[in-house]
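Next up: just one chain, as structure tokens, the form predicted on its own.
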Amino acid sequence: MKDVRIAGVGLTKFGNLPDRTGRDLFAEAALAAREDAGVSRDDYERIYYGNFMGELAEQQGHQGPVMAEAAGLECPATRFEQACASAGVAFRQAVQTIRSGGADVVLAGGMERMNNLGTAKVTQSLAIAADELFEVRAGVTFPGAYALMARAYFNEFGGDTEDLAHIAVKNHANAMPNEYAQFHREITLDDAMESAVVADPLRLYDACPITDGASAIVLVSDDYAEEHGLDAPVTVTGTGQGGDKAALQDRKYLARTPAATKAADEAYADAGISPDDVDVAEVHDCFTIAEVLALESLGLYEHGEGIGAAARGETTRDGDLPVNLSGGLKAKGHPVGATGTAQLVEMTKLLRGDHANSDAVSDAQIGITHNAGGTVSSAVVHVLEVMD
């Protein structure tokens, strides 16, 4: 089995970008990744691309070939749709293709354009990732679903909205120096706790924004990197994917996300590490409660202990386990089809030492990313390590 290295990464600025098209956004991210990698154009063998709502936002299906042309490449391109985990799953497929010997150079990435739809239409569009029969018809939106999960957590383990507000404050602070982040605005606990209620107990600052953006990564086999003298110190040592029932009503737990645990267990075993070995994490905080559920499902905290991690300073940039140094989905932004590879771009730069917040983890050797779809009915986890 071949080892897989990350040779290059690229991002667009995340935010409300009304003058950009989807192909324009992906072209910028892909060309940045290609330039960072320094790989010959003729050597690219596959493109794996994540996108969720292209047919609704731009009336564009069959986006693989469109985005290959935007990236300036002539190779087979496949689109992956797994809701907000689309790009994470595309990246996993790229890793498995290289490991199996199916290719030596693959471009993985994703794009989402959302703001052109407006808030009501975006909410309606995102809802197609929920169970149409048992959730959508009953009027459940994702803010409502995560509010149910937050209430279930409080009932089972304790904690309160102030604990969640500490997560929002932390992630907004982390986004401040990140040039790609949607928000460059620090907030206080009072700001978070006095903001408008979206779905009780979740308030405005508990929720990620609506975001346009794209991300891309060039993956190469270890053999290719050595043969071409590439400076690619970050290696993908672990990958895992888990699943759960789509509708919350059908699940055994509301305050736990077993799909993420399954993905993490597989990724840790693949990398030969344990949760105690992790130095830094980027997790899928579409809502602040989602960061808590992720920390516990990944084995980084016992169930019931993750809720106070930010308030205790353990997951802040100066804590023992910095989480979401990019600003997370909460403040960096969440262009859903691009988020999975965006997390991996941020983690690669953190480990390489060229991220705006790399000084917070200057000795880090192992980082993990956690990307989820729906209410974590899909989850994919990756382990990245710095290799000599």
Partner chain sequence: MANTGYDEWMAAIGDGEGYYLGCPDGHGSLPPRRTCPHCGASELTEEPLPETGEVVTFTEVHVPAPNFADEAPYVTAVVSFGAVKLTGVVRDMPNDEVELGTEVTADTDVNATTGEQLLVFRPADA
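Positions refer to the first chain, counted from 1. What you see is a predicted model; the values in this text were computed from it and never measured.
Omitted here: the form predicted in complex with its partner chain. The next part is about that form.
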Would you mind picking the one in Asn115, Thr141, Gln96, Ser195 that has a heavy atom within 4.5 Å of its partner chain in the predicted complex? Thr141
Find the only residue in Gln124, Thr161, Thr78, Thr235 having a heavy atom within 4.5 Å of its partner chain in the predicted complex. Gln124
In the predicted complex, is there a heavy atom of its partner chain that lies within 4.5 Å of any heavy atom of Val278, even though the partner is absent here? no
Test of understanding: in the predicted complex, would Asp200 fall inside 4.5 Å of its partner chain by heavy atoms? yes
Looking at the partner-bound form in the predicted complex, is Phe157 within 4.5 Å of its partner chain by any heavy atom? no
Any of the heavy atoms of Ala147 lying within 4.5 Å of its partner chain in the predicted complex? yes
Assert contact_stretch over 241 to 249, 314 to 322, 79 to 87, 96 to 104 against its partner chain in the predicted complex, heavy atom within 4.5 Å, equals 241 to 249
Neighbours of its partner chain in the predicted complex among 149 to 173 [non-hydrogen atom within 4.5 angstroms]: Arg151, Ala152, Asn155
